[in-house]
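In structure tokens, one chain follows: the form predicted on its own.
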Amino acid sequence: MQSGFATKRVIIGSDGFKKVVDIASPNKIGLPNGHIDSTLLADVSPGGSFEVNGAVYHVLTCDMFDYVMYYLKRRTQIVYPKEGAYILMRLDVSPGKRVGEAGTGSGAFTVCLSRAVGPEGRVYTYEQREEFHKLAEKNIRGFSEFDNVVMRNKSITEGIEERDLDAFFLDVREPWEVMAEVRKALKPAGHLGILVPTANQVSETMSSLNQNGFYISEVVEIMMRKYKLVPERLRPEDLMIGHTGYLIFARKLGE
């Protein structure tokens, strides 16, 4: 797979301006006070700068956070970075692991899993809706460094094809309906992570986990408060993203 992230750049300017662009596509890139041709931008080294109509802009390489938050096209709710990093640790995702996911949505967390398991690992991701499957495929190709993602356009209610997975992540409307299928796909003591938006879904999911032979290790909600980037007047941002979801973590018991 051609690594798409290598052609992405972050342009930053005054007053908090930030824009993620793809220098591989010939086009004029709009800026607050003008534009720059993508071919000219490609000649600016990462960390360097350019000037347009008296305004100075700096150029950075695109990292995963900026790709997910400022470039990735989305038609679904995504797993935010504040949850994503914690999920990776709680599921013990590392290079070489085989990890399952459902549903793919816009593919934001899939690219995180892809990087975490590395070139020797595999991510098997399931998405029932064809329009989301196609969008996620485009997003994943646009950033993934490794050719390690297997995409399946089907619901896991029809069955999970893989077995002995190290971990599985569920972001579906009714996770309790597919718990038996997930159990069959996981290896003994395998990790399971689940994201749901409402408290009643947490209760229903926990009951299903208990009935299907899982050890529930944690239920958690992650909050994050950003600060204004003004050294002389350091204080929190006026607005913040509050609740985005509840996380449930469990381990498979028995064979």
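Keep in mind that this is a model prediction, so the values were computed, not measured. Note that residue numbering begins at 1 and tracks the sequence as displayed.
The same protein also has a form predicted in complex with a further copy of the same chain, omitted here; what follows describes it.
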Seminar exercise, completed: With the partner omitted here, the residue among 52, 41, 219, 29 that in the predicted complex has a heavy atom within 4.5 Å of a further copy of the same chain is 219
Exercise. Using heavy atoms and a 4.5 Å limit, would one call residue 46 a contact residue for a further copy of the same chain in the predicted complex?
Worked result: yes
Exercise. Within a 4.5 Å heavy atom cut-off, is residue 90 in contact with a further copy of the same chain in the predicted complex?
Worked result: yes
Exercise. Heavy atoms within 4.5 Å of a further copy of the same chain in the predicted complex: does residue 253 have any?
Worked result: yes
Exercise. Should residue 151 be classed as touching a further copy of the same chain in the predicted complex when contacts are defined as heavy atoms within 4.5 Å?
Worked result: no
Exercise. Taking 73, 159 and 176 as the candidate spot, are all three within 4.5 angstroms of a further copy of the same chain in the predicted complex by heavy atoms?
Worked result: no
Seminar exercise, completed: Within 46 to 78, the residues having any heavy atom within 4.5 Å of a further copy of the same chain in the predicted complex are 46, 47, 48, 58, 60, 61, 63, 64, 65, 66
